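A lone chain, given as structure tokens: the form predicted on its own.
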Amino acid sequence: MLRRYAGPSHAGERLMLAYVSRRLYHAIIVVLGITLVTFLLQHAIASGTTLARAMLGPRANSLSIDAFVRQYGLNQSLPDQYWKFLWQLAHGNLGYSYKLHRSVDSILARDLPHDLLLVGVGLVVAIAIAIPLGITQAYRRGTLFDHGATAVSFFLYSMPSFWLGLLLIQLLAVNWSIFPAEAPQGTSLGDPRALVLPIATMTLVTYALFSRYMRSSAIDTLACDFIRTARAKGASNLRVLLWHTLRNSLAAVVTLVGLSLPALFTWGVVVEYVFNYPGTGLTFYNAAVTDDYPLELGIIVLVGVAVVVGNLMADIGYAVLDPRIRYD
């Protein structure tokens, strides 16, 4: 039997709280699994004296290697080392980079604001373009405009980000000399023109993904009965698109936004390398080249936590936006 919706109730709030609690519990379990797998993989690659040699360099003698192993507990059992690693993470300590002679926390604190600027601005601009464009494509489905926008989206989506960045550098920096080819350096990032090409690269790659999802979701929404009912009641096309279609089509985009949270650390790796942008992606690349295992381990754990948090946000946002979702 159909029941009229009477607004939020205490029972609904309790269900929502239980749903969030279960998701948080699952997220904690997954984070612990990520830390365990990451720690074991790093230990399999380099541990004990092998890790000490990688940190101290090929000229290190046996006495300095033994001292390094004892000082940092690399001679302890694997469970003891993992427990120490978890204890450090619980206190916000992601490790220490012996190559850079700095804590991983301080390195990430230096780089993360740059990532927030690069990927955050690129993500916001991409969503601002993709949502109205996807809605318009769905409304004008099958027209020349829809086919042209679809072709552009597929072209950008299939293009590697490094190749797109190089094309922008060649066109806008080398040929026309409009923007600098290299991103701004240092902590201040003073020249705003130098941010245009990296942000444009992130925006174009991300926009293609969001526009396709928005178009597909809007097409499904426009075929629903409540859209036909709204039109039968005399609602204008603008109201149907903005109030009914947009609201009910955002669930897919919200899911993508939540899953895009790890992009702060992963999508920017190639773009930051191409433009020499001082962010976490470039730091991770340099750590991989120089065998800076503690820095790699700290960044990987942070990315794993970001993935879990992104999925959690997507689940909660999807349930809030779509009342048909059951809190099971």
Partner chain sequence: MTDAAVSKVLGGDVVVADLLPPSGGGLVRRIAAEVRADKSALIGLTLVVFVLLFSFVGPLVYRTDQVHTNVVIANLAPSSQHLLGTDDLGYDIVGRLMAGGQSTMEIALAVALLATTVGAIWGSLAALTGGALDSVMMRAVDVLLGIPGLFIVIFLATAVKPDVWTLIGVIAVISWLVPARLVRGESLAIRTLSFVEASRGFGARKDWMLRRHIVPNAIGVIVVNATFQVATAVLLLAYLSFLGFGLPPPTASWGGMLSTGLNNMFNGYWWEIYPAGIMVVITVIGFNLLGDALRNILDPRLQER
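Residue numbers count along the first chain shown, from 1. Predicted, not measured: the structure shown is a model, and the values here were computed from it.
What comes next is about the form predicted in complex with its partner chain, which is not displayed.
For the three residues 166, 269 and 284, a heavy atom within 4.5 Å of its partner chain turns up in the predicted bound form in every case.
Note on the partner interface in the predicted bound form: the residue among 160, 142, 234, 92 having a heavy atom within 4.5 angstroms of its partner chain is 160. Checking 238, 109, 223, 174 against its partner chain in the predicted bound form, a heavy atom within 4.5 Å turns up for just one residue: 174. Although the partner is absent here, residue 170 sits close enough that one of its heavy atoms falls within 4.5 Å of its partner chain in the predicted bound form. When its partner chain is considered in the predicted bound form, residue 307 lines it closely, a heavy atom lying within 4.5 Å. Remark: residue 63 does not count among the residues lining its partner chain in the predicted bound form, judged by a heavy atom distance of 4.5 Å or less. Using a 4.5 angstroms limit between non-hydrogen atoms, residue 69 is distant from its partner chain in the predicted bound form. Screening 134-142, 73-81, 240-248, 147-155 for residues having heavy atoms within 4.5 Å of its partner chain in the predicted bound form returns a single hit, 147-155.
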